[in-house]
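Only one chain is shown below, in C-alpha coordinates, and it's the form predicted alone.
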Amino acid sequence: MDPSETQAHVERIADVGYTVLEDVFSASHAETLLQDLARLERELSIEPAENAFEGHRTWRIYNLLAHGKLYEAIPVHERVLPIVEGVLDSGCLVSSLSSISIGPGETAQMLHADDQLLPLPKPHVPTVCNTMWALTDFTAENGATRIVPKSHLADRSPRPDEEVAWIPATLRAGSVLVWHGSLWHGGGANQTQERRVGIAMNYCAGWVRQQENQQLGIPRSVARGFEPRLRQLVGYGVYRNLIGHVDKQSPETLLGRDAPLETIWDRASKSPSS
(Lines give C-alpha, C1' and ligand atoms only; values in the text may rest on other atoms or scores of the structure.)
Protein backbone atom coordinates (compact mmCIF):
# COMPACT_ATOMS: atom_id res chain seq x y z
CA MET A 1 0.00 0.00 0.00
CA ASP A 2 1.19 3.50 -0.82
CA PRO A 3 2.33 5.32 2.36
CA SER A 4 -0.15 8.11 1.72
CA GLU A 5 -2.99 5.59 1.57
CA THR A 6 -1.80 3.96 4.77
CA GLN A 7 -1.72 7.36 6.47
CA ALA A 8 -5.23 8.13 5.23
CA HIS A 9 -6.51 4.98 6.94
CA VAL A 10 -4.63 5.84 10.15
CA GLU A 11 -6.17 9.31 10.13
CA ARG A 12 -9.64 7.90 9.53
CA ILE A 13 -9.25 5.64 12.57
CA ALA A 14 -8.18 8.66 14.64
CA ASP A 15 -11.21 10.59 13.39
CA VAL A 16 -14.12 8.11 13.39
CA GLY A 17 -12.56 5.10 15.12
CA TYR A 18 -12.45 2.61 12.25
CA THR A 19 -11.64 2.04 8.60
CA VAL A 20 -12.31 -0.65 5.97
CA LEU A 21 -9.79 -2.20 3.56
CA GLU A 22 -11.37 -3.76 0.48
CA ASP A 23 -10.06 -6.81 -1.39
CA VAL A 24 -7.26 -7.68 1.02
CA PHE A 25 -7.49 -11.37 0.12
CA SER A 26 -9.15 -13.43 -2.59
CA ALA A 27 -12.35 -15.47 -2.58
CA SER A 28 -10.31 -18.63 -3.05
CA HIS A 29 -8.17 -17.82 -0.01
CA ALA A 30 -11.30 -17.11 2.03
CA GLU A 31 -12.63 -20.54 1.05
CA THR A 32 -9.33 -22.18 2.02
CA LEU A 33 -9.53 -20.55 5.46
CA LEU A 34 -13.19 -21.53 5.87
CA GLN A 35 -12.42 -25.16 5.09
CA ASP A 36 -9.50 -25.25 7.52
CA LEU A 37 -11.55 -23.63 10.29
CA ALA A 38 -14.23 -26.28 9.72
CA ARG A 39 -11.52 -28.93 10.10
CA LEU A 40 -10.28 -27.40 13.35
CA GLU A 41 -13.80 -27.09 14.67
CA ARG A 42 -14.29 -30.84 14.18
CA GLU A 43 -10.86 -31.90 15.45
CA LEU A 44 -10.93 -29.65 18.51
CA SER A 45 -14.61 -30.36 19.24
CA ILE A 46 -15.39 -26.64 19.34
CA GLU A 47 -18.79 -25.75 20.78
CA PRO A 48 -20.47 -22.39 21.50
CA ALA A 49 -19.74 -20.83 24.87
CA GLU A 50 -21.97 -20.81 27.93
CA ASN A 51 -22.03 -17.03 28.26
CA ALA A 52 -23.86 -14.38 26.28
CA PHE A 53 -20.75 -12.31 25.55
CA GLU A 54 -18.98 -15.03 23.57
CA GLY A 55 -22.33 -16.22 22.25
CA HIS A 56 -24.55 -19.24 22.78
CA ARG A 57 -24.67 -19.80 19.00
CA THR A 58 -21.19 -18.60 18.10
CA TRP A 59 -18.22 -20.88 17.48
CA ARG A 60 -14.80 -19.48 18.39
CA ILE A 61 -11.39 -21.05 17.80
CA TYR A 62 -8.60 -19.38 19.79
CA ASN A 63 -4.81 -19.41 19.43
CA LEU A 64 -4.85 -19.98 15.67
CA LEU A 65 -1.10 -19.47 15.29
CA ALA A 66 -0.63 -22.79 17.08
CA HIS A 67 -2.86 -24.58 14.57
CA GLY A 68 -1.10 -24.34 11.23
CA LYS A 69 1.07 -22.25 8.95
CA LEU A 70 -1.99 -21.07 7.03
CA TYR A 71 -2.55 -18.44 9.74
CA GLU A 72 1.00 -17.06 9.91
CA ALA A 73 0.51 -14.63 7.02
CA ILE A 74 -2.39 -12.84 8.71
CA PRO A 75 -0.57 -10.86 11.46
CA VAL A 76 2.12 -9.58 9.06
CA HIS A 77 -0.05 -8.73 6.04
CA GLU A 78 1.56 -5.89 4.09
CA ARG A 79 -1.67 -3.91 3.70
CA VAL A 80 -2.91 -4.27 7.27
CA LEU A 81 0.07 -4.29 9.63
CA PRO A 82 1.40 -0.83 8.57
CA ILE A 83 -1.96 0.70 9.50
CA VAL A 84 -1.91 -1.00 12.90
CA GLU A 85 1.66 0.22 13.41
CA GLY A 86 0.46 3.72 12.51
CA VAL A 87 -2.19 3.54 15.23
CA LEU A 88 0.05 1.92 17.87
CA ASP A 89 3.72 1.81 16.85
CA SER A 90 6.17 -0.63 15.30
CA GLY A 91 6.61 -2.31 18.69
CA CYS A 92 3.02 -3.58 18.70
CA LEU A 93 2.24 -7.20 19.55
CA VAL A 94 -0.21 -9.88 18.52
CA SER A 95 -2.80 -9.83 21.29
CA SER A 96 -4.95 -12.68 19.97
CA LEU A 97 -5.76 -14.46 16.73
CA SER A 98 -9.08 -16.29 16.69
CA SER A 99 -12.04 -17.12 14.48
CA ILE A 100 -15.61 -16.03 15.17
CA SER A 101 -18.43 -17.90 13.46
CA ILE A 102 -21.84 -16.43 14.31
CA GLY A 103 -24.54 -19.01 13.73
CA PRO A 104 -28.22 -18.63 12.80
CA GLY A 105 -30.34 -17.33 15.64
CA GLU A 106 -27.48 -15.68 17.54
CA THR A 107 -28.49 -12.50 19.36
CA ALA A 108 -26.55 -9.25 19.29
CA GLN A 109 -23.49 -9.08 21.50
CA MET A 110 -23.38 -6.33 24.09
CA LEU A 111 -21.57 -3.18 23.00
CA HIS A 112 -18.12 -2.96 24.50
CA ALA A 113 -14.63 -1.50 24.00
CA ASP A 114 -11.71 -3.87 23.58
CA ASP A 115 -9.57 -1.85 25.98
CA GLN A 116 -12.17 -1.43 28.71
CA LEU A 117 -10.37 -3.75 31.16
CA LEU A 118 -7.32 -1.47 31.20
CA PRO A 119 -7.41 0.85 34.24
CA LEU A 120 -6.75 4.04 32.29
CA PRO A 121 -8.88 7.21 32.18
CA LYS A 122 -10.48 7.86 28.80
CA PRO A 123 -9.84 9.06 26.22
CA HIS A 124 -6.24 7.87 26.14
CA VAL A 125 -3.52 7.02 23.68
CA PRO A 126 -4.27 3.90 21.61
CA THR A 127 -3.43 0.72 23.50
CA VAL A 128 -5.30 -1.73 21.30
CA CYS A 129 -5.96 -1.88 17.54
CA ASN A 130 -8.06 -4.75 16.26
CA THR A 131 -9.03 -6.14 12.89
CA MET A 132 -11.78 -8.37 11.54
CA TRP A 133 -11.11 -10.36 8.38
CA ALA A 134 -14.38 -11.17 6.61
CA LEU A 135 -14.35 -14.75 5.28
CA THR A 136 -18.03 -14.44 4.33
CA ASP A 137 -20.01 -11.33 3.47
CA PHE A 138 -20.96 -9.33 6.56
CA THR A 139 -24.51 -7.96 6.28
CA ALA A 140 -26.96 -6.23 8.58
CA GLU A 141 -29.00 -9.45 8.54
CA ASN A 142 -26.28 -12.02 9.29
CA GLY A 143 -24.50 -10.35 12.19
CA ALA A 144 -22.17 -7.69 10.80
CA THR A 145 -20.20 -6.04 13.58
CA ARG A 146 -22.14 -3.17 15.13
CA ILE A 147 -20.03 -0.04 15.55
CA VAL A 148 -20.60 3.38 17.13
CA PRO A 149 -18.59 5.92 15.10
CA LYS A 150 -16.46 8.35 17.11
CA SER A 151 -17.18 6.52 20.39
CA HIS A 152 -13.42 5.97 20.79
CA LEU A 153 -13.30 9.64 21.82
CA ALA A 154 -15.71 9.14 24.73
CA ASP A 155 -14.59 9.62 28.32
CA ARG A 156 -15.77 6.12 29.30
CA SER A 157 -16.56 2.65 28.01
CA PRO A 158 -20.17 1.58 27.42
CA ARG A 159 -22.15 0.35 30.38
CA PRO A 160 -23.37 -3.26 30.33
CA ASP A 161 -26.42 -3.63 28.07
CA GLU A 162 -26.24 0.06 27.14
CA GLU A 163 -27.83 0.70 23.76
CA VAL A 164 -26.94 3.70 21.62
CA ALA A 165 -27.19 4.48 17.92
CA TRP A 166 -24.93 2.18 15.91
CA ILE A 167 -24.31 1.17 12.31
CA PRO A 168 -23.51 -2.27 10.83
CA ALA A 169 -19.99 -2.68 9.44
CA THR A 170 -21.06 -4.36 6.22
CA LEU A 171 -18.14 -6.04 4.46
CA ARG A 172 -17.58 -8.09 1.35
CA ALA A 173 -15.69 -11.34 1.86
CA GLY A 174 -12.01 -10.51 1.47
CA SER A 175 -12.29 -7.17 3.27
CA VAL A 176 -10.77 -6.19 6.62
CA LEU A 177 -12.27 -3.89 9.26
CA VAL A 178 -9.67 -2.09 11.41
CA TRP A 179 -10.67 -0.21 14.56
CA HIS A 180 -9.37 1.67 17.57
CA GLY A 181 -9.50 -0.36 20.78
CA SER A 182 -11.70 2.24 22.48
CA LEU A 183 -14.40 2.08 19.79
CA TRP A 184 -17.75 0.83 21.06
CA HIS A 185 -18.78 -2.21 19.04
CA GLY A 186 -20.24 -5.71 19.25
CA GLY A 187 -21.24 -8.63 17.09
CA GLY A 188 -24.63 -8.37 15.43
CA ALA A 189 -27.64 -10.67 15.53
CA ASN A 190 -27.76 -13.35 12.84
CA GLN A 191 -31.26 -13.51 11.38
CA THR A 192 -30.28 -15.72 8.41
CA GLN A 193 -29.75 -19.46 7.97
CA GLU A 194 -26.03 -19.14 7.24
CA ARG A 195 -23.03 -18.52 9.47
CA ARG A 196 -21.18 -15.21 9.43
CA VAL A 197 -17.49 -16.08 9.70
CA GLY A 198 -14.53 -13.82 10.37
CA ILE A 199 -11.04 -13.96 11.80
CA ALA A 200 -10.30 -11.53 14.62
CA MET A 201 -6.65 -10.45 14.35
CA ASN A 202 -6.07 -8.32 17.42
CA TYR A 203 -3.01 -6.26 18.35
CA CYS A 204 -1.91 -4.37 21.45
CA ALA A 205 0.82 -1.87 22.24
CA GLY A 206 4.16 -3.41 23.15
CA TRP A 207 3.78 -2.29 26.75
CA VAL A 208 0.34 -3.88 27.24
CA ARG A 209 -0.23 -7.50 28.24
CA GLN A 210 -1.53 -9.63 25.38
CA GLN A 211 -5.06 -11.02 25.58
CA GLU A 212 -3.82 -14.53 24.72
CA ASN A 213 -0.50 -15.55 26.26
CA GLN A 214 1.40 -16.10 23.03
CA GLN A 215 4.63 -17.39 24.56
CA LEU A 216 2.85 -20.13 26.52
CA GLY A 217 0.10 -20.81 23.99
CA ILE A 218 2.36 -21.32 20.97
CA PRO A 219 4.84 -24.20 21.28
CA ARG A 220 8.44 -23.06 20.85
CA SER A 221 8.87 -25.66 18.13
CA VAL A 222 6.18 -23.79 16.18
CA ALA A 223 7.49 -20.29 16.98
CA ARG A 224 10.96 -21.27 15.74
CA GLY A 225 9.47 -21.60 12.26
CA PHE A 226 7.90 -18.12 12.24
CA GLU A 227 9.41 -15.43 10.05
CA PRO A 228 11.39 -12.80 12.04
CA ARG A 229 8.61 -10.17 12.11
CA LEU A 230 6.04 -12.68 13.31
CA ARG A 231 8.40 -13.85 16.07
CA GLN A 232 8.61 -10.25 17.25
CA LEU A 233 4.85 -9.76 17.03
CA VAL A 234 4.08 -12.72 19.28
CA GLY A 235 6.54 -11.47 21.90
CA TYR A 236 9.99 -12.78 21.02
CA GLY A 237 11.39 -9.29 20.90
CA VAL A 238 12.10 -6.35 23.18
CA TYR A 239 9.99 -3.19 23.21
CA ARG A 240 12.08 -0.01 22.97
CA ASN A 241 15.24 -1.92 23.82
CA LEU A 242 14.11 -2.75 27.35
CA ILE A 243 10.62 -4.12 28.00
CA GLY A 244 10.40 -7.89 27.71
CA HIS A 245 14.07 -8.88 27.99
CA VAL A 246 15.21 -12.14 29.59
CA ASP A 247 18.40 -11.73 31.65
CA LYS A 248 19.32 -8.77 29.44
CA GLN A 249 18.88 -10.85 26.32
CA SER A 250 16.20 -10.89 23.66
CA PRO A 251 13.60 -13.63 24.18
CA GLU A 252 14.61 -14.89 20.71
CA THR A 253 17.52 -16.64 22.45
CA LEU A 254 14.89 -19.01 23.90
CA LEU A 255 14.27 -20.15 20.33
CA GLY A 256 17.93 -21.02 19.90
CA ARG A 257 18.77 -17.89 17.94
CA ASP A 258 21.68 -15.51 18.34
CA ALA A 259 19.93 -12.29 19.33
CA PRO A 260 22.29 -9.86 21.08
CA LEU A 261 20.54 -7.01 22.88
CA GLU A 262 21.79 -3.49 23.34
CA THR A 263 19.44 -2.05 25.94
CA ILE A 264 18.28 1.54 26.06
CA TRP A 265 20.59 2.01 29.07
CA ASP A 266 23.56 0.65 27.14
CA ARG A 267 22.87 3.18 24.40
CA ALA A 268 22.41 6.02 26.86
CA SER A 269 25.76 5.30 28.50
CA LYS A 270 27.69 5.64 25.28
CA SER A 271 29.38 8.94 24.59
CA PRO A 272 28.33 10.82 21.41
CA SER A 273 31.70 10.04 19.88
CA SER A 274 31.56 6.30 20.43
Ligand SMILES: O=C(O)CCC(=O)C(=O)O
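Numbering starts at 1 and runs along the sequence shown. In this text, all values refer to a predicted model and were calculated from it rather than measured experimentally.
There is another form of the same protein, the form predicted together with the named molecule; it is not shown, and what comes next is about it.
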Stretch in contact, per heavy atom within 4.5 angstroms of the named molecule in the predicted complex, of 71 to 79, 152 to 160, 185 to 193, 87 to 95: 185 to 193
The one residue among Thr136, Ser175, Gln109, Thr127 placing a heavy atom within 4.5 Å of the named molecule in the predicted complex is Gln109
Which of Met132, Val148, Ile83, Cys204 has a heavy atom within 4.5 Å of the named molecule in the predicted complex? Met132
Heavy atom to heavy atom, is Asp114 within 4.5 Å of the named molecule in the predicted complex? yes
With the cut-off set at 4.5 Å between non-hydrogen atoms, does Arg60 touch the named molecule in the predicted complex? yes
Could you list the residues in 89 to 108 that come within 4.5 Å of the named molecule in the predicted complex, counting only heavy atoms and keeping sequence order? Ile100, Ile102
